[in-house]
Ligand code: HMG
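Quick heads-up: it's one chain on its own, the form predicted on its own, in structure tokens.
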């Protein structure tokens, strides 16, 4: 029995900062961003958007035509949770009108946890094939102003339905894992912004890729040459090139640079204009590949490398299903990206300094989002979400 991703949709807010604007404000050559890290724009949430509203907005195009009674589990992956106790998924569960007979859990391990959710979902479906699992991955990447990570900010969410006989990608059971206790990126409870040692994190990423791949080939019959395309975790788009060159060298690949680039370049289109979305990034990469590749991907094998700082990593594989292109949300995604509003540097700073109310009083937020769901306010330390 095949199990995998039956449908996938992503969402990003309606504001963005062009990195040309950031470069001008910082008196930096724009090519440091456009070519150096491969990023052109970063999505910015309005004050009435957070990981819950983004996740619900990502899921809505799927839920609108899905029998929600078949969704018996909701797994919410994030590293920017809104509550130390209550799962962000419980809020999304109500907004999406899911059945009360549904388990809801939040998962955390930096940018890796959406992959853990996918693997858990596949196991649940294999056990009870008539059921479906909704996986939500949603994050807002924030770093200190003026820090090296500032240009790699962004935000977005992805929603995936995992089912038996999937219509998009069958997920293979064999995986390669690697975990190690390192401090390349972290965010203590008392900080809103992440801390990162960028050069060290890149080094750990590549080391983890090597180790996860070695573990994968130990358990799988697949070789590097079996894969036509690859999707990588994308803290910034240039990381895919670094990772793929590294993996190619490990496998003594004879492909030239142009051929190697073709194996991952279509997965980068959306990330370049959204920025880092942490847990969602590798799966937005998958959406980009499926929607932008000019060649038919039917039957093609995709290699996935999921990395979460700290660190936990996994290499796994999947096969694109025949007729996959009939079940994509390409037009909706492209329309959403085209209709975003560019902000100037002053507006960027205003959006960056989002309100954090801790006094327990009643606070309402201006309606800024064009999405279907928004954070209306905070009252008595309780977050209030509404449909628009």
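Positions refer to the first chain, counted from 1. Computed from a predicted structure; not experimentally measured.
Only in words, not in the display: the form predicted in complex with this ligand, which the text now covers.
Partner contact for residue 32 in the predicted bound form: this ligand, 4.5 angstroms, heavy atom: Result yes; residue 32 sits at the interface with this ligand in the predicted bound form.
This ligand contact in the predicted bound form: residue 143, any heavy atom under 4.5 Å: Residue 143: contacts this ligand in the predicted bound form.
is_contact(residue 185, this ligand) in the predicted bound form, heavy atom dist at most 4.5 Å: Looking in the predicted bound form, residue contacts with this ligand include residue 185, since a heavy atom lies within 4.5 Å.
Close approach of residue 201 to this ligand in the predicted bound form, 4.5 Å, heavy atom: Residue 201: yes, in contact with this ligand in the predicted bound form.
Region of this chain that lies against this ligand in the predicted bound form, out of 253-261, 116-124, 231-239, 166-174 [heavy atom, 4.5 Å]: Flagged stretch: 231-239.
Answer option from 73, 317, 87, 152, heavy atom within 4.5 Å of this ligand in the predicted bound form: By the 4.5 Å heavy-atom cutoff, the listed residue in contact is 152.
49, 81 and 138 all contacting this ligand in the predicted bound form, non-hydrogen atom within 4.5 Å: No: no residue has a heavy atom within 4.5 Å of the partner.
Residues from 289-315 in contact with this ligand (non-hydrogen atom within 4.5 Å) in the predicted bound form: Those in contact are 307, 308, 309.
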